[in-house]
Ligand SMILES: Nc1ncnc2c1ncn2[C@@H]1O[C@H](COP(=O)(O)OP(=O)(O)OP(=O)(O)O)[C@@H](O)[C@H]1O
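So this first bit is one chain, no partners, the form predicted on its own, shown in structure tokens.
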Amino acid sequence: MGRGYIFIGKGGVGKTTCSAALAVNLAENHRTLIASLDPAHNLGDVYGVRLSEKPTKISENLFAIEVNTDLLTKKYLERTVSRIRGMYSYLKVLNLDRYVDSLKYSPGIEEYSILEGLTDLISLDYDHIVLDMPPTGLTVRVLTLPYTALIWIEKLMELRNEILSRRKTIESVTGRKCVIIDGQEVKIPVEEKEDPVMVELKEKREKMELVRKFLSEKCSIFLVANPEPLSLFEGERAIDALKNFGMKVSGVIINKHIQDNEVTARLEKIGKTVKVPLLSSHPHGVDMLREIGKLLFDVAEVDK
């Protein structure tokens, strides 16, 4: 698991440019992956190359990915539906097909799919992983999901243990290890290691713990903001939301800076700040990005 750098902020403030610039400089001495998790990708435009969901080599140590969030959601739903059908295929009376087909419309599917993509990324073999995130609202929901999911998983495991305990009691009285459901003989698990639901919950808990550890111990979060009120207000709300889950912003990047004002003064109070000046043209390509990346090393606390 490599060191992580997460860039958050309002749409259009320059998260992609700043994250791409830092990745270029990190790659001078370390094997680095930058991944865009924003459904509206423009990371490839910044580097001047066509990107996909597979790592593309940008320079000697730099690789880039544009994660296909629609494909992530599709794959996540397919895996979920397959597992549910496998666990409860004998319960035809419950009309599971109707239930699982409605999953795609359930709240939180997009967030959980992106989180699954994040889980896959942090398991890859890179020294540094730079993440260009979606706009603020979706990003906050994704980053806080491991913490809320762990609470739910623990509660579900408690309930499942109660079910298994009662099954074991019934088995000890009746001696029956199987039941007939819809004309089919089904073995009812009473031990955790035999129960597919408990196995699934444990796997989910392990994944969420991995992401939580990455976010809390191996990751730095940077707020990218423009020196204007709307960018500031949205950034402050995001910071407050992350604080509730024990996450804090490591630094603030004031992008498109011309001169200090009330907004920049307020942003500087949040934490360590770097100011990226407004450029005459949109930066693209490794050479232009390298100059911007040099400005970010101090706030990112990376050894030069």
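Numbering starts at 1 and runs along the sequence shown. Predicted model only: the values in this text are computed from it and were never measured.
What comes next is about the form predicted together with the ligand, which is not displayed.
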(request) Identify which of N255, T264, N61, T69 has a heavy atom within 4.5 Å of the ligand in the model of the complex; exactly one of them does. (result) N255
(request) Answer with one of N29, N42, T273, T56: the residue that has a non-hydrogen atom within 4.5 Å of the ligand in the model of the complex. (result) N42
(message) Considering non-hydrogen atoms and a 4.5 Å limit, does the ligand approach N25 in the model of the complex?
(response) no
(request) Flag A241 as yes or no: does it have a non-hydrogen atom within 4.5 angstroms of any non-hydrogen atom of the ligand in the model of the complex? (result) no
(request) May I ask you to state whether G293 is within 4.5 Å of the ligand in the model of the complex, using heavy atom distances? (result) no
(request) May I ask you to check whether P283 falls inside a 4.5 Å heavy atom distance of the ligand in the model of the complex? (result) yes
(request) Name the stretch: of 242-250, 48-56, 275-283, 61-69, exactly one has residues whose heavy atoms fall within 4.5 Å of the ligand in the model of the complex. (result) 275-283
(request) Sequence order please: the residues of 7-30 with a heavy atom within 4.5 Å of the ligand in the model of the complex. (result) K10, G11, G12, V13, G14, K15, T16, T17
